[in-house]
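Provided below as structure tokens are two forms of one protein chain, presented individually as structure 1 and structure 2.
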Structure 1
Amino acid sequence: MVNIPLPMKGQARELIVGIDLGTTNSLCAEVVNGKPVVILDREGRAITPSVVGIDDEHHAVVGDAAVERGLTNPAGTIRSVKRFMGRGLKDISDVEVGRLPYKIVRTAGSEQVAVRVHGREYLPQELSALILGEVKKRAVKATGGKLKRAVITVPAYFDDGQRQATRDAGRMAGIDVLRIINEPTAAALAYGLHRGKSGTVLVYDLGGGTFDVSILKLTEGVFKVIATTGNTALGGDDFDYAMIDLLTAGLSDEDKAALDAHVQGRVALKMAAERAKIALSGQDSTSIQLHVGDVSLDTTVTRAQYEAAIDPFVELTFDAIDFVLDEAGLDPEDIGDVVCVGGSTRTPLVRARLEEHFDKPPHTDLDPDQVVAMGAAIQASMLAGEHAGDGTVLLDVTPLSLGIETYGGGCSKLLWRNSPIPVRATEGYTTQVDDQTSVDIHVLQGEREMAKDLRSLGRFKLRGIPPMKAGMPRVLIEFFIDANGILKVQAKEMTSGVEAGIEVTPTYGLTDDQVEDMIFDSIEHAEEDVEAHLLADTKVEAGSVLRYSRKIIVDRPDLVPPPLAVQIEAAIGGLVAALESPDREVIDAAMQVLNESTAPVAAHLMNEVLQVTVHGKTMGEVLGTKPRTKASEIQLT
């Protein structure tokens, strides 16, 4: 039996769990004494069927109760809601929708689908929240603890929308979702495969209605999904239907039709087939008796018969394996570990075929129904700052974007949120004023556009830059986040070689809620933010154009005769006045007038440059200052 610490007298222990929110079944696990264990309910059940039953008064039951009620309330019994998470009607095939006993509709005002039951619409997130709520309720009842924080798993192929819908479901269930992680990554964690230095893992997940296969690459303790594929309509259900065919093979056509016409008959037959299938995972033959209405069935099926019947489906999974290996540019012998996930991998034929294909036995020591939840629990305890045996921190993506402040108060992003780590990015910058011997590097985090709206992670100065004209220094800035989530920022001026840098932990003191707030904030302010950033950049550019224009009047009277000087002065005055305006277009227009007035001079200078470069001088030296900034050479403060 599993050893769950008892709550201390008078205070509820906090449960930090991993939840496998499955298409067919859901469950949760927690780390106890450094080991992940699945939380069993009082009846000793680990699994909550991912099924919601809604009666005509809109009372919902979840899990086993919903499965039982499904016999009498098929139209109000929702299974496999995970297939619809974060999806639009156009993402879902008609075949999928056609097979369902309830209606899938589009929600008013959004692309998202909803499920219509007894005249009311339910969002997939709401239904998933009910399932999560049931999992939570069971865990709380079984342990007497309080469940607030959890890691929830999703298939590797889930896109941002589907991940967000899963997060929302967690929130609706009153769970603080520490992180959404990939199911195959969780499975590899459960087997402790992250403890190696490197390696390539293939995760084979054959569940009730879906099949996924992913290849993970481990580098410096972090898993990255390098290829994934699957079939959202292949799994244990197909095995059940193959079994139904075997069971009913001896029946007359009338009896078959009678069984099929009987809703309860169909459900009972499916359940009997599943029982027979599971029996054949442990024994060589099984007998089934079933009575529905006037139809009686009494038959024996052997494992050999059953394996022949499911072989085409098993073959399909190996086609997918070949495909994913090909995607990753690997051969079967390049795979170090094969991990089995999902109840259907208990099928002996599946295990035998995997061993044959990879020439090594797959990992099957852990319960294939439980490994995803166990791995999620390990990740949850890591994120909550506990130790999962070895203390490795596994932050596999950066939760927020990172960048530096540029002249004018904008932020130049070097790393975007959700970048898998470890990750490195380099960008070139330059100075804004002549003879600037130091630059301030202000490291920022978040999704907004302006430095003032971002989280400041730290600042440092790069000193000792030899005096040069503005725009001449080449400051390379490198961001590197290592496997532990530590950010190292390094700045180097290339012509002189001076360097400086800092190290910060971007996630330090940051809760998941804050991360979400920051992201939501940026969405809310997206438009004004972009406008503010553009305005700031325009002002910087205007400053640069002003300096350049004033300089040529003074430095090159040979090229600027008095009438032209008057014209340029007027345009300078126009731009200075325009800079008072909050309207970017007003500044842009004035800048254009000034640029046009200096255009003949610029053309002349350009010609000179072309000649002078031949004599070893650069354009910058001739022009004195840069009229324009290249996007990759944003000016530093």
Structure 2
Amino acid sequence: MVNIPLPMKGQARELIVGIDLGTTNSLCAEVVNGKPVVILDREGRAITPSVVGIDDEHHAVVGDAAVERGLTNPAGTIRSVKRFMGRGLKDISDVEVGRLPYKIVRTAGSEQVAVRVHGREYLPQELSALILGEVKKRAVKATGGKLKRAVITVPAYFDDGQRQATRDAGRMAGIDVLRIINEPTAAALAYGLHRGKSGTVLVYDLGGGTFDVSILKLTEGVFKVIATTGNTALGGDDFDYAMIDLLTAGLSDEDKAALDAHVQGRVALKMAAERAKIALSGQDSTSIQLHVGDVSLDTTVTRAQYEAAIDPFVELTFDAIDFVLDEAGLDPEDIGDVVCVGGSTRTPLVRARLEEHFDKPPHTDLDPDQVVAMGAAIQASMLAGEHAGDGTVLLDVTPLSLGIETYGGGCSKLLWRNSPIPVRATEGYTTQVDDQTSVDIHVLQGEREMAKDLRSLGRFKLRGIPPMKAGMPRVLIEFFIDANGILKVQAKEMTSGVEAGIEVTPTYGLTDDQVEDMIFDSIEHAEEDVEAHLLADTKVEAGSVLRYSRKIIVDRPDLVPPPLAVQIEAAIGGLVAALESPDREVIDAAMQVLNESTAPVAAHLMNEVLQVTVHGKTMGEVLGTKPRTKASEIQLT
């Protein structure tokens, strides 16, 4: 039995969170002073759009950055991937597939679907892992903590395959998934309905892409889903398409065909429809102006028109309510509480119909976009404390953190000190050099940030990787410590299937005093270690900015007149020189100069395809963001 030490001064606290991996948006929350609190990022945002953008070189951006680039990269902008988690091609309707700007295909040798983008296939789990990774990154940056454990929510009707796919996505994002729980259960927990002795709760969850309704029976503080049904192809997206029909009703067939044939135009129209839908939740009418090529649209839509258009979809949700009531053998008056979940429940028509149907107003006090994450945080907090008290079993733990050396000499931690064992962790990596056919995996132990300051546990090579451009290979590395404290490290390149591994004993050769010395050493050098790691990461980022800046000059000379080319070349030279400096701020400043030099080209690329105004606003204002000038990317694992 090992006593788990309290966090020492200077150590980052461990975050144990609840994550709502949503179809449209994702977010996480933690329990602070006994209450669930949504974690806001450094810019004050609670929500991460569940959107992944992949360019033609297969570099990815996630969340708001992906939404921003949606107009210029519609075929590489992936939304609503949750709809395809753990599903086969036969499970997806032609209507669902037909609306998408990207292709859904069947993976080789199985019925599982994949998303084909720019000639390459991605599993829904991989894309969801990128979304989870972005949620994790924002939470870590905002709190300064370590996020390794989480409860993740899924719709109550998700089957075993869909739940396992969600768990796999969590593992690929480097998250130990404590439990997969049902979204309606999480919502009921958030409202504190578990504090009652008994009761019956109906959860109405209408999100962006999916709908489900569940009836929960509460007995002595234990929730049980007694009836559920859902539709993975019904949600706010359908409301958007109904709005599109209203907006284009006055156009000629010729203009409609021209607009439909314009990929960026379809994306812009969808965005304008969503803005109009949101506006009508708080006002009686809204006006939309849209200009795509030779097609101009200028129209006003009233709430009455909109509600008439979406009424068939709302009616479908009440058919589902009647179905689950019948399945549970209940009448509307038997329901004690009605809980609203999902952004689309802000629609006044939905709330009015629910109150009419159950003769009581639904619970809407909590933000419907946040309530599931808050409930998941409560569940995570419960699980984190379930070993406390009499009769509990204390697990053995890892004495020191474990990780691998990354490009630039830093260390990427996969397992943190004091992780209970047995334990497993998986993260994805890629290459930094073109045509790299092998990867050297260096396994490290300790609390410092740089590989040179850590204890080496072993090395092995992953050979046989097909020659590809830097960033293309997807190397999945898994650490597993069994109950005997034996560490097994496996590496697999996902495209080719080649794999290799090593088995080591993490604590071999270390006394308790040595472990303690390593921990105190990490605290003593924490500030300089973090700075060294940041410098290494900055140099890697600078190399990426240089590569893309040079590519702009070669690939788009029409956008780079001679004076601008001279300016960009000078900025490139400045960054190359700055990379010789040990000062991270000098490199950051040189990167900023280069980013500002290429900003006119980036702006032109955004504007040359399409100019859209909604109420006289620019596209950036429509999105609620400013155009980005700094190159920001995530290399896809």
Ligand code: ADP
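Numbers follow structure 1, counted from its first residue as 1. Predicted, not measured: the structure shown is a model, and the values here were computed from it. We call the rigid core the largest set of C-alpha positions that still match within 1.5 Å between the two forms.
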Check: Looking at both copies of this chain, which one is the form predicted on its own?
Finding: 2
Notebook entry, point to check: Can we say the CA of Phe239 moves by at least 2 Å between structure 1 and structure 2 when the core is superposed?
Noted result: no
Notebook entry, point to check: If we fit on the core, is the Cα of Arg550 displaced 2 Å or more between structure 1 and structure 2?
Noted result: yes
Checklist line | Rigid core superposed: Gln305 CA moves 2 Å or more between structure 1 and structure 2 | finding: no
Notebook entry, point to check: For Glu121, what C-alpha shift in Å results between structure 1 and structure 2 following superposition on the rigid core?
Noted result: 3.0
Note to self: Using a rigid core fit, what is the CA shift at His442 between structure 1 and structure 2, in angstrom?
What the structure shows: 44.7
